[in-house]
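Listed next as structure tokens is one chain, alone, in the form predicted on its own.
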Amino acid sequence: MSFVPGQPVTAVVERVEIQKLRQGENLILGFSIGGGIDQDPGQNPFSEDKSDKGIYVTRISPKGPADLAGLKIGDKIMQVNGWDMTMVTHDQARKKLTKKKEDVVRLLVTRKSLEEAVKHSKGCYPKP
């Protein structure tokens, strides 16, 4: 997905709802993130466009809440519980994901396989 700061973004997204796992005082999501507007986008292994400063899933705990919900390594997080995540710092993203009062995290993510499926499906239907 190509992204130009300040321009509208068109993306194929999937909703992922993660029920946090309670371990004592901690609520566990079971995944790690990378990226953010304060990070070096050239270090992001998941972005084709090395100027993309989005938030990406970098690790998933096997059989953890994120894994069971269908989140994938390389997913780009577009929203968290309705909050736009396309222009946030790494720390802002982490704070939105780990709010103590929220037992459920609702994400909108985009992934390469979703975009590829849409590209391949275009032109497969008869024109009206």
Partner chain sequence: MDTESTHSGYSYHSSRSGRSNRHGDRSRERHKASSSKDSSRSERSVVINPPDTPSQDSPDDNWGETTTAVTGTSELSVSQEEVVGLGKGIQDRTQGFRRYLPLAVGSCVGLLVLATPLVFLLLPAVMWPDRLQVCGAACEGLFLSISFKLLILLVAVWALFLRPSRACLPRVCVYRAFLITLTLLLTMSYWLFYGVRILDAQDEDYHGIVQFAVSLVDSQLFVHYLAVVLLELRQLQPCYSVCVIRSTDGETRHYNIGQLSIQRAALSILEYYYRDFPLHNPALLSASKHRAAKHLAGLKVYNVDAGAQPSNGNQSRAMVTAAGKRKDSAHNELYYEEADYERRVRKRRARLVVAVEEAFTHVRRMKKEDERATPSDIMDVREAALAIFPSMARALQKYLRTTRRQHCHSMESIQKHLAFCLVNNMSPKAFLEAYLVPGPTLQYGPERWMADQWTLVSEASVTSGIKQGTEFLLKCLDFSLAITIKSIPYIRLTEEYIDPKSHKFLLLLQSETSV
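Because the structure is a prediction, the values reported are computed rather than measured. Positions refer to the first chain, counted from 1.
From this point on, the text means the form predicted together with its partner chain, which you will not see here.
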**OP:** Have a look at S51, Q43, N81, T89 for me and say which one sits with a heavy atom within 4.5 Å of its partner chain in the predicted complex.
**Re:** Q43
**OP:** Report whether the minimum heavy atom distance between L29 and its partner chain in the predicted complex is within 4.5 Å.
**Re:** yes
Original post:
Should G74 be classed as touching its partner chain in the predicted complex when contacts are defined as heavy atoms within 4.5 Å?
Top reply: no
Original post:
Contact between L97 and its partner chain in the predicted complex at 4.5 Å, heavy atoms?
Top reply: yes
**OP:** Report yes if any heavy atom of E102 sits within 4.5 Å of a heavy atom of its partner chain in the predicted complex; otherwise report no.
**Re:** no
Original post:
Within 36-75, which residues come within 4.5 Å of its partner chain in the predicted complex, counting heavy atoms only?
Top reply: D38, Q39, D40, Q43, N44, T58, R59
